[in-house]
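Single chain ahead, written as structure tokens, the form predicted alone.
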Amino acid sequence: MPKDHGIGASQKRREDVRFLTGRGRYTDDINLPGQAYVAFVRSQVAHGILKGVDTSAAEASPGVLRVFTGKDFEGVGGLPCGWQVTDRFGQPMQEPAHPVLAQGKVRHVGEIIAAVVAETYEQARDAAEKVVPDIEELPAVVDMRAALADDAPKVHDDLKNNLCYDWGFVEENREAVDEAIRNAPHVTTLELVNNRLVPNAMEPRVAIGDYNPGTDESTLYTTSQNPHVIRLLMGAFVLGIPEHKLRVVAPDVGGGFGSKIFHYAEEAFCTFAARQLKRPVKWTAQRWESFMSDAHGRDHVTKIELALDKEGNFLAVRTETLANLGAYLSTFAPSVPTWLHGTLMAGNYKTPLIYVNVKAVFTNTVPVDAYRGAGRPEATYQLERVIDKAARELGMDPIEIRRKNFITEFPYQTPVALVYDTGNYHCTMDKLIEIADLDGFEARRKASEEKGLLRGLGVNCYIEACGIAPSNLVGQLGARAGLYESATVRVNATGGVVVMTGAHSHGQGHETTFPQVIAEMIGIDESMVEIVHGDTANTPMGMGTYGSRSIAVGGAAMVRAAEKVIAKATKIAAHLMEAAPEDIELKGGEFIVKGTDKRIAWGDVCLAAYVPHNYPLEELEPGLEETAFYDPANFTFPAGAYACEVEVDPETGKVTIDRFAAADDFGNVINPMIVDGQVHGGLGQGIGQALLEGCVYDENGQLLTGSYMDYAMPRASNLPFFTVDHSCKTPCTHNPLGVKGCGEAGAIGSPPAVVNAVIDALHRAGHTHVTHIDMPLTPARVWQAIHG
């Protein structure tokens, strides 16, 4: 029978009650007494010398309190980058300054030139239109190869060129990889693009700065995935506010997908302006602003080579990637094309030699940073596309070539630094064949053919590294922060539990899954457990939520804190029952003396902790509250196998996804229903990238896809009903729950499955000249490929 409570139970998200009834409290719902509003003046050119800003007409406009420009931020720190990459020559990356408001130059369309603060947003917006920037336009550089030319316009005049770093990994493998590819019986080569994406969370970004002159304390309310990190970066590196004088609150957040990890200029501005004006300052992004101010994702151009022997065994992989960083270094941007991408190039396979080269490039575009999956989708797409192409060239079945090369013994040391602790890739492939009904494909193909449509089948595998860790390792790799997580478990006198976590929930379901874990550990009902997050004033220092780390890292910290609480409560129970602590067990919400009928309820022990009339005061202090910090020993490594079936209309090039199946190994699963939802969401985003989404700039750096009129988002009609399974479980060996991340899997595994399916459909119809089509596979691109 399925469980109805605790770990493994499919419980509906209890936070959805307030979300679905309009009772959520998002940042834009917050309005403070005396609040003013800001409208930003953003650059309409991609590259130019900012010779001056005429603010006189704006300053004279009704309701305007002050107009800020870059001059007001002279002496104020710039936005910091949280990760330093060292190149293959041992030199640190080029790291330009990133001012809050433009100073001296503008470097991308959408960069903030000025900010108008007024009594109402309408007044601020009207006045902002009267600000006149004097910009001497310069040639923009958008194409990465052009940006690396010797005569290319420099995005940052104080840098040597537009190359941020030339990274090689693993550098000592380079010669051996080159030799293996030279001598291999077969080498498959593929050039591909991982298209630039614009994150589109349901809730746009919002920031409200507040200042209390009486205490000299600042508060920032913001749509953030990690409020403690924002407090650290903004306080220490931008505004110079001591952490104990700065509070950051991230209330309900309507989606992030990575784009709300980073510290943005608007957050620093609102906090700064509130201190200057001695009153709250609020900004709510318009959707058009989000397109040109939220960090974009992906944008890699790659050449990948796979060397194989005559039997199809993998010998070596070599990749060369150009990675677009945009005009500035966003918070974690340097790590995405390097340590979050290069280390995953082994995939699920025992390839003995791998070398990855990445050249990261500055261009006159919006900064690029982590987006759902962050580096792992890029690695998986390269690898799984070239494997499919190699199978065709060798006349091998795409499933069998993968099986032949699967890693089967664990732990497994990859040639790109990571050690996979556990996995079973044959299990997920077997399960995929079952749930996708691959035996019935041929009959479905013939049915499609009778309708004049081409049906194709795409299969691929993926592996992901979740919960970036441990801190001492990532510190050596350039991280400028620890990557632990923390939790405080406070038990009230009547037995209720409050968990204060440094993780943040913006759709992951923490308020449901975390109580399931605590309830199972103690034996109480989930309704007795409350989760508190998102406020630096009442949660312990934490690193937030991204990289599928919530339950594996944040949940592990919670478990460790709860274990401390239970250990103390056990000693209290032993005292009350006049027994030794080692003879006490906690079961079903009661402490029981083993082998006897003596027992005492959880609530009675909690009451004794706070009313210590009969209490071992010589051994224990009163109260029942503990904090734990958890720094994982390794990543977790979820993995899976996906199958996609498409129908292609040869007359129009339109691609329709008819079936999609996903078999994932997430280790132990806390709430299967929430895991299903996370996979569904990831699949939707991955399919969006594969078929619809693509951020496009023209040669002058103008954003051509700056609204939903031009940027195609996936709708329900673009997606099939998904068949998902996570019954293949190889528990993680180094966290107390045995869990692995699940939030990004769908977005990682689905793009290559879709593209593989479309190429398969065309090949089955005789269009064997088509070996690759770059994403998004729009009808125009597919039609052009069919017709040469």
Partner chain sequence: MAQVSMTVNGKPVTGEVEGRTLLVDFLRNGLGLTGTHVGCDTSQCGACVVHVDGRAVKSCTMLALEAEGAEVKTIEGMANPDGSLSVIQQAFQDHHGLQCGFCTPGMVMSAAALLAENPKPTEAEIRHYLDGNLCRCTGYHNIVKAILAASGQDVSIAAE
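Remember, predicted model here, so these are calculated numbers, not experimental data. Residue numbers count along the first chain shown, from 1.
Omitted from view is the form predicted together with its partner chain, to which the following refers.
J.: Please state whether every one of the three residues His5, Tyr462 and Thr733 places a non-hydrogen atom within 4.5 angstroms of its partner chain in the model of the complex.
T.: No, none of His5, Tyr462 and Thr733 comes within 4.5 Å of its partner chain in the model of the complex.
J.: Would you mind picking the one in Gln685, Thr380, Thr351, Thr319 that has a heavy atom within 4.5 Å of its partner chain in the model of the complex?
T.: For this set of options, the contacting one is Gln685.
J.: Exactly one of Leu620, Met541, Ala601, Met673 has a non-hydrogen atom within 4.5 Å of its partner chain in the model of the complex; which residue is it?
T.: Partner contact (heavy atom, 4.5 Å) among the options: Met673.
J.: Of the listed stretches (713-721, 419-427, 478-486, 329-337), which one has a non-hydrogen atom within 4.5 Å of its partner chain in the model of the complex?
T.: The contacting stretch here is 713-721.
J.: Are any of the heavy atoms in Lys431 no more than 4.5 Å from a heavy atom of its partner chain in the model of the complex?
T.: Outside the cut-off, so no.
J.: Can Gly677 be called a contact residue for its partner chain in the model of the complex at 4.5 Å between heavy atoms?
T.: Because a heavy atom of Gly677 falls inside 4.5 Å of its partner chain in the model of the complex, the answer is yes.
J.: Using a 4.5 angstroms cut-off on non-hydrogen atoms, would Trp288 count as touching its partner chain in the model of the complex?
T.: Residue-level check for Trp288: yes, a contact with its partner chain.
J.: Taking the shortest heavy atom distance, is Tyr371 within 4.5 Å of its partner chain in the model of the complex?
T.: Tyr371 belongs to the contact set for its partner chain.
J.: Select from 232-261 the residues with a non-hydrogen atom within 4.5 Å of its partner chain in the model of the complex and write them out in sequence order.
T.: Counting only heavy atoms within 4.5 Å of its partner chain in the model of the complex, the contacting residues of 232-261 are Val253, Gly254, Gly255, Phe257.
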